[in-house]
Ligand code: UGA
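Shown next as structure tokens: one chain only, the form predicted alone.
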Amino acid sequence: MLGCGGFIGSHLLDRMLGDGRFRVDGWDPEDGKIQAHLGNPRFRLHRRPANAPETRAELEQAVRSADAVINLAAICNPSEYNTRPLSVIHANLFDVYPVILLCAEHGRWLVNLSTSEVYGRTIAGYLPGGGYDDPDLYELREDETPLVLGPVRNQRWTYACAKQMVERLIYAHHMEDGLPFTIIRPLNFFGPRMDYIPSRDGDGVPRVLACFMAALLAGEPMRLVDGGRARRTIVSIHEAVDAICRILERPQAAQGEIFNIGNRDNEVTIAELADRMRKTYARITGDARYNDHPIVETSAEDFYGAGYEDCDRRMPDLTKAERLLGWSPKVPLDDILLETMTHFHEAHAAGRPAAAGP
């Protein structure tokens, strides 16, 4: 498991190491989220990036002896896509390719965590009026939907482009070398241990939930980029991990397939997400003033820098996951937010400022 110390990796380790059937070789220089597993005899952690040249022989041995190789390693922070484009491309494409080659050489099943961002913007989002009346123009179907990325000058697409190229490399090695593979396209996994809070356990600009949470904790206005019109579907990390485990348990059904993993019922605009989060925080803290916590608008250029462009909507077709994996999500958004935000509150709320006024 490459990237085992991150948000998804830590939850996947929780599940797999709680099941006596699995032994895991993990690769990650960070272990803060997986401390509970460091003494487990069925888990071996390599505290280094898998792409380090000095680890090649060790990595090849691990791949050769594995039943499956799960790649979670990535730079997946939108604030870096257009500010550190070379690092994003290298981490998400060039650093992953040697792993693909090893899996192809040794015939090992590669389960690759891609991203729903490979879909880019919907066709509907480019049409005059921006309406979503026709699902054929916005619904994301793994084997049919065109992958529509923005112009090169909008370097926000470096991440999506690198991830898409990895998918194409995997598929090409499957066709030419027989590489067994499964590609997962996550659609906004939310849960405890997601991301970091700036100035508390990390620096920089995290993803949207952590940005909003940081503002609530600091008593500062929640900053809404470009009016918060973009739409997202949000799924519980626990249900997402269930989907990944079903893939591992069903190799005949899952190999050679791409799966959307998301929750169609939990669609919100980013503006709606901000409002739901402040109301959830009022519930967590018992402080009704958070119901009216200030929300201010800002431009994408001011918030993320030049060259930023957003995906307009991510509505996944889940037919394949339901049919081949027997998986369908059920946890509602309010429950996901309550669990995730309670985790952040308990970790960081000590000494927090009082709620800001409207």
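The first residue of the shown sequence is 1; numbering continues from there. In this text, all values refer to a predicted model and were calculated from it rather than measured experimentally.
The protein also exists as the form predicted in complex with this ligand; that form is not presented, and the subsequent description refers to it.
Checking 114-122, 138-146, 238-246, 82-90 against this ligand in the predicted complex, the stretch whose residues place heavy atoms within 4.5 Å of it is 114-122. None of the heavy atoms of residue 266 is located within 4.5 Å of this ligand in the predicted complex.
Contact annotation: residue 270 falls within 4.5 Å of this ligand in the predicted complex, judged by heavy atom distances.
Although the partner is absent here, residue 78 sits close enough that one of its heavy atoms falls within 4.5 Å of this ligand in the predicted complex. Although the partner is absent here, residue 308 sits close enough that one of its heavy atoms falls within 4.5 Å of this ligand in the predicted complex. Of the residues 182, 155, 188, 280, just one reaches this ligand in the predicted complex with a heavy atom at 4.5 Å or closer; this is 188. This chain is drawn without this ligand; in the predicted complex, the residue among 327, 290, 303, 43 with a heavy atom within 4.5 Å of it is 303. Annotation for 231-250: the only interface residue with this ligand in the predicted complex is 232 [heavy atom within 4.5 Å].
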